[in-house]
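As a starting point, one isolated chain is supplied in C-alpha cells, in the form predicted alone.
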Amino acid sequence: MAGKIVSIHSFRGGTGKSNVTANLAAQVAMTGMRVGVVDTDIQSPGIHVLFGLDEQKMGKTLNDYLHGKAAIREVGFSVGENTGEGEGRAQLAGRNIFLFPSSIRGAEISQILQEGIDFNRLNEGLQTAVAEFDLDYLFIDTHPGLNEETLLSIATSDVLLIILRPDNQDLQGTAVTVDVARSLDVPNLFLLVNKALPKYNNFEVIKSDIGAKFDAAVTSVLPLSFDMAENASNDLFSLRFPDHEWSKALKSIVPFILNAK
C-alpha cells in the first residue's frame, strides 16, 4: 500500500497531543509497520523528548531541511537503532520507526518565527520521507490551532485525528477544525477525547455524546492520569505500562489507523 499521512491535531495546546502522537506511532510500529514521526510544531517542538533524543544527540533537523542545509534522508533518526534509556522505548529496538525532529535551538526557532515556513518545501519533504523510508505511516505532530501550516497538514492527510478535552472551549474549537477538515475532504476524520475525569466513569456516554455532536467516529476516551503526569515524558508510557487504563485506551485507537482506507 502507499504510505499514509496521519495528522494529530488539536485546536488548543495542552491536550496531550505529543504524548498521544508518540505513543500511538510506537504502538503502530509494534505491529510491524514502518512508521515515521515528524514534529511540525516547529515553534515549540517537544516530541523528541519522548523518544529520548536531546539536543546533544540531535543531528540534522527539519529546520536544516527547510533551510536547504540537509536532505530529508539526513534528518530521519532511527529510533529502533537508538532507543536510549527507558524500559518502554527499549521495546522499540529493531523496529522500523524513524523520528524527524525539529530543532530545539533558540536561534533556529527564532529564524522560523521571523522568516516563516516554506510550505511547498515542507510538503515535498513529507512526501519524500514516505517514499525514501518506505513508510507505511507518517505521523505528524502538528502545531495547535488553525494556521497555514496546519491547513497544509490537514489537506495532505489521509487520516486526521483531532484531540479534544471534554470542556466547552475545546468543543467549540473542535467544531471549527472539523468544519475545515470536511471542507478539505480529509478521507478519514477521527476524534479522540483526552484527559477525561475518571471519577465520572461515564466514558461510553462521553464517547456517544461527542460522536453525535460532531457526526464523527470517536476512537477512544483517555482518562486524566496522575501516573501519566508523573511519567513526565521520560518514557513511552503505553509501552512501559501496557496494562494501565490509559495505555489500554490508547491502544484501542490503533485499529482505526490500520483499517483506514
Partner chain sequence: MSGDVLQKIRETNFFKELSPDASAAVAAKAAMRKFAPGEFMMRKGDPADSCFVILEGHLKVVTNDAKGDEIIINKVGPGESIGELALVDERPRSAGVIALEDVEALELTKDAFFELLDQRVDVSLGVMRGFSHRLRFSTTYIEKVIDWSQKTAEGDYSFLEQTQPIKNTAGSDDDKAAQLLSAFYSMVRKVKAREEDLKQTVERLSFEIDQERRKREFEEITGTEFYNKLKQQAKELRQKRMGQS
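Note that the structure is a prediction, hence the values are computed from the model and not measured. Numbering follows the first chain given and starts at 1.
Not pictured, yet referred to below: the form predicted in complex with its partner chain.
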Quiz item: Would Ile109 count as a contact of its partner chain in the model of the complex, using a 4.5 angstroms cut-off between non-hydrogen atoms?
Solution: no
Practice problem: Spell out, yes or no, whether the shortest heavy atom distance between Leu146 and its partner chain in the model of the complex is within 4.5 Å. | Solution: yes
Self-check item: Residue contact check: His67 to its partner chain in the model of the complex, 4.5 Å heavy atom
Solution: no
Quiz item: If you check in the model of the complex, is Ala232 within 4.5 Å of its partner chain, heavy atoms only?
Solution: no
Quiz item: So which of 24 to 32, 221 to 229, 206 to 214, 55 to 63 is the stretch with heavy atoms within 4.5 Å of its partner chain in the model of the complex?
Solution: 206 to 214
Quiz item: With its partner chain left out of view, which of Gln91, Asn82, Thr128, Gln172 would have a heavy atom within 4.5 Å of it in the model of the complex?
Solution: Gln172
Quiz item: Only one of Leu122, Ile104, Ile154, Leu189 has a non-hydrogen atom within 4.5 angstroms of its partner chain in the model of the complex; which is it?
Solution: Ile154
Exercise. For the three residues Asp158, Asp179 and Ser183, verify that every one has a non-hydrogen atom within 4.5 Å of its partner chain in the model of the complex; reply yes or no.
Key: yes
